[in-house]
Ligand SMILES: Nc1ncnc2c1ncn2[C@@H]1O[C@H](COP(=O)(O)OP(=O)(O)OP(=O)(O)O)[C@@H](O)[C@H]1O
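One chain comes next, on its own, written as structure tokens: the form predicted alone.
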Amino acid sequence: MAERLLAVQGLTKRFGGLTAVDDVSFEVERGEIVGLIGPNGAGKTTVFNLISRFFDPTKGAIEFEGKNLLRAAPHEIVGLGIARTFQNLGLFPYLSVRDNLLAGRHTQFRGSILGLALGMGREEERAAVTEVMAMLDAFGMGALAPMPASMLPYGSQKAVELVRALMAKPRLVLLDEPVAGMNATETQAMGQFIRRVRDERGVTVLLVEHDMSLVMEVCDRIVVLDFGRKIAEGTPHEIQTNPRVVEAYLGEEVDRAPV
């Protein structure tokens, strides 16, 4: 039986007179890859920002693992089991890949920052380095560990950013346009990478993406927003053949048009 991991219920967000998200509800089951799609301005990133607690909703509810997420502060979200990547790369460009991943691992440190600075957490730090290298090796990226992040190809940087998010040991990862700016080869590789994250690491994925080839390939279900409202939800096939979705995108086939 499917287990609900995330539940968004009647979510609304207004900025003055603008309603960015309007009574949106959907669920994400544990182990799913769910796509959240729609045109620019549809409210997708606002939904991510509400789940991440960057914004408070005007009304509605968000539950994660049965708990009220709206009671959490933004800095507590990672500790609750939710990690996120952003549209723009958030890596430290002049740090090595290894050190970028260590930065993502910091939420798991038990000691205080002062204690670590004084060398009192060396054993924990060594364990973290071992864990980082094991994660890189698991994804075939061990050779990249000493390289500055800025020296990597763009697609590899995006993959490192996703692996860094995994260092926080999330149960849910929010991917905001993971293949933005990638070519077709890089996009295909990232799609396979996202599936591995779910299949091998057991991480549930909610992604916002404009590249419909990726969305239709990797997602189990898709939620479609338009002008802040949910207009459809279903499997990739159901979304591709949904008259309302087709109409919303000027009659173009959804698997051909970036939405």
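Counting begins at 1, following the sequence as shown. Here the structure is a predicted model, which is why all the values come from computation and not from measurement.
Another form, the form predicted together with the named molecule, is not on view; read the next lines as being about it.
> Could you spot which one of V223, A42, L69, V197 gets a heavy atom to within 4.5 Å of the named molecule in the predicted bound form?
Selected residue: A42.
> Taking the named molecule in the predicted bound form as the reference, which of R30, R201, H210, R229 has a non-hydrogen atom within 4.5 Å?
Residue within 4.5 Å of the partner: H210.
> Contact between A20 and the named molecule in the predicted bound form at 4.5 Å, heavy atoms?
Heavy-atom contact with the named molecule at 4.5 Å: present for A20.
> Answer with yes or no whether E177 is in contact with the named molecule in the predicted bound form, where contact means some heavy atom within 4.5 Å.
The answer is yes: E177 has a heavy atom within 4.5 Å of the named molecule.
> With a 4.5 Å heavy atom cut-off, would you call F193 a contact of the named molecule in the predicted bound form?
Looking in the predicted bound form, residue contacts with the named molecule do not include F193, since no heavy atom lies within 4.5 Å.
> Is F55 part of the interface with the named molecule in the predicted bound form - any heavy atom within 4.5 Å?
Flag for F55 set to yes.
> Any idea which of 59 to 67, 229 to 237, 44 to 52, 213 to 221 reaches within 4.5 Å of the named molecule in the predicted bound form, heavy atoms considered?
Every other range fails; the passing one is 44 to 52.
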